[in-house]
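Take a look at this single chain, the form predicted on its own, given in structure tokens.
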């Protein structure tokens, strides 16, 4: 598994992030739109993008890094092929979310913001998926699933890994 903190396995992203920066740099408050656009395009924000953004916005690298550090939704390493988010809001916690979280971490052998060694899954927490009536909820890539218990979670993971039934 990889930790997301400092990994930047392909530091030469100037060719990909440069046009993104150029497209947003003149917008008011351009830093967040740039960071979101880079993450949408690459799936993460590489460390090599930080000085490029700082230079384009005439700010320090520390300012860009500070924004990256403040918002947990920005990934610092490439995600797995599937991103699995567990809802940690009150409704999900009250209806079994904490037990599901413990089960997920044990089954996957991952903590939050880690990716499985095979690159299949990245585990992330999220605060409220807006699916409270169907708690506990998870999101797999762009699909939100409700009433996920341990059995359904195991079937979901098997499906994501191409083994057995799908969720």
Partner chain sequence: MTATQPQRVYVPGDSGALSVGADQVARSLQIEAQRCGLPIELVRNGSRGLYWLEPLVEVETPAGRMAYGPVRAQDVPDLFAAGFLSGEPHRLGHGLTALMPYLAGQERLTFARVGLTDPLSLDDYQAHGGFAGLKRAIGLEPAAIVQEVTDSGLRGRGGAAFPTGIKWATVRDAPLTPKYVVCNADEGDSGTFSDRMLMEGDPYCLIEGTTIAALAVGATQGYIYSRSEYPHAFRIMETAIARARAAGFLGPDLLGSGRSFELELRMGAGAYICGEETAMLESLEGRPGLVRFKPPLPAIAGLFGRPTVINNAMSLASVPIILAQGAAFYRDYGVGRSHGTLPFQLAGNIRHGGLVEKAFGLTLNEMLYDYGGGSASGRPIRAVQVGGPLGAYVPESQFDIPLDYEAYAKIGAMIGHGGIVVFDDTVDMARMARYAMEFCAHESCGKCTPCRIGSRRGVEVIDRIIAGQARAANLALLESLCDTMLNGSLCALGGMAPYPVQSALRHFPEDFAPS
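Positions refer to the first chain, counted from 1. These numbers come from a predicted model, not from an experiment.
Keep in mind the form predicted together with its partner chain is missing from the figure; the text below concerns it.
**Asked** Is residue 146 close to its partner chain in the predicted bound form, meaning a heavy atom pair under 4.5 Å apart or at it?
**Response** Residue 146: yes, in contact with its partner chain in the predicted bound form.
**Message:** Since only the chain is shown here, I'm wondering whether residue 119 would be in contact with its partner chain in the predicted bound form (any heavy atom pair within 4.5 Å).
**Reply:** Heavy-atom contact with its partner chain at 4.5 Å: absent for residue 119.
**Message:** Is residue 142 part of the interface with its partner chain in the predicted bound form - any heavy atom within 4.5 Å?
**Reply:** Because a heavy atom of residue 142 falls inside 4.5 Å of its partner chain in the predicted bound form, the answer is yes.
**Request:** Give a yes/no on whether residue 133 approaches its partner chain to within 4.5 Å in the predicted bound form, heavy atoms considered.
**Result:** Yes.
**Asked** Exactly one of 123, 52, 67, 38 has a non-hydrogen atom within 4.5 Å of its partner chain in the predicted bound form; which residue is it?
**Response** That would be 67.
**in the predicted bound form, the residue from 56, 129, 108, 100 that sits within 4.5 Å of its partner chain by heavy atoms** = Only one option qualifies, and that one is 129.
**Prompt:** Going by its partner chain in the predicted bound form, which residues of 87-102 come within 4.5 Å of it through any heavy atom?
**Reply:** Sequence-ordered list: 88, 89, 90, 91, 93, 94, 95.
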